[in-house]
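As a starting point, one isolated chain is supplied in structure tokens, in the form predicted alone.
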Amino acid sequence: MSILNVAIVGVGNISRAHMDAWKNVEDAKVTAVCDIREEMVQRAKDFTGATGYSDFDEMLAKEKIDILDICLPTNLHADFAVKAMNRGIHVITEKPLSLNKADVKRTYAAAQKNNVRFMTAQVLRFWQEYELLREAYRTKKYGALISATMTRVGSTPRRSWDNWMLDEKRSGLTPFDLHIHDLDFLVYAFGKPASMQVNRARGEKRDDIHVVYHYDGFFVSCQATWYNAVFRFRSAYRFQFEKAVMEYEGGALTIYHEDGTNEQPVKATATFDDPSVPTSNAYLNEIRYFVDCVKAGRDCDKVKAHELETVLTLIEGLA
């Protein structure tokens, strides 16, 4: 069995989830890591055993790379992806693909031109508790969907390289850091909403968004917030169907049935030890899926280009 060589560029917080996942993919190995911060490169080298670089072009020139995993600030995703794909390298990038929806066509065109696989790691599409929710809607096993709430809240980022998370031109703030997760799942599960109502309270140290998305027969109310406080990150949902309520809270999915019984169908397993991320194996699921697509030479259709464009178009309405 041939082993795919993986390089990771950007080894900040979210990269730890990726590095941990790659360790559990038997037919791939992280052989190179890159970051402009020498101390972060050393930490990643210690964790993966990979060769470290502080210059991306040098890494591309010296390493034989099959897959590039991009964990950089959001505004850099598309440029780095295109540069790698033009060298024949398959690319998976952290969410979101870009702050600019025009980059969807640009990156997918580069993938097609160079006959490589490309995917944005919209992790909720691989999260079992969310996949079960999508299945319940599609099969109508609990009847029709009536209404729902989704929340994703935490502290305003206090530590990021060059404070990039608080720079709207680089991070996009709360819409792209938090809300895009839930919005992407809505588009994936239910399609484009018919309409939306937006309320937003922004300040220098906070950003609070409430959006109600209207679909045919039901609505979904979403909150995404950076609080100006030390506030533990949490995400949750509660979906009301005709015959059951599905609630994801505190890292556990509970289904409350109309007959008075309830069940918890998922035993979640952590992929890495970080209290800021809900317990799940979704990071491994998305990376395993991408590797399978690379090996099979098939497109990563679980994350479709037109859905990414829809999400980015809707986010434009949150400003």
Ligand SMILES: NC(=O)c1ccc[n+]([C@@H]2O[C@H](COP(=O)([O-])OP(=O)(O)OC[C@H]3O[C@@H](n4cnc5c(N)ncnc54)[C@H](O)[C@@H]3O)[C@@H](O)[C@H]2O)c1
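In this text, residue numbers run from 1 along the sequence as written. Given the structure is predicted, the values throughout are model-derived calculations rather than measurements.
This protein has a second form, the form predicted in complex with this ligand, left out of what is shown; the following refers to that one.
Under a 4.5 Å heavy atom criterion, is residue 224 part of the interface with this ligand in the model of the complex? The answer is no: residue 224 has no heavy atom within 4.5 Å of this ligand.
Is residue 96 part of the interface with this ligand in the model of the complex - any heavy atom within 4.5 Å? Yes - in the model of the complex, heavy atoms of residue 96 and this ligand come within 4.5 Å of each other.
My question is simply whether residue 35 lines the interface with this ligand in the model of the complex - judged by any non-hydrogen atom within 4.5 Å. Contact with this ligand, yes.
Is the gap between residue 108 and this ligand in the model of the complex 4.5 Å or less for some heavy atom pair? So residue 108 does not count as contacting this ligand.
With this ligand left out here, work out from 198-206, 76-84, 240-248, 132-140 which stretch has heavy atoms within 4.5 Å of it in the model of the complex. Of the options given, it is 76-84.
Which one of 21, 9, 308, 300 is close to this ligand in the model of the complex, taking close to mean a heavy atom within 4.5 Å? After the contact test, the surviving option is 9.
Members of 200-216 lying within 4.5 angstroms of this ligand, judged by heavy atom, in the model of the complex: If the 4.5 Å heavy-atom criterion is applied to this ligand in the model of the complex, 200-216 yields nothing.
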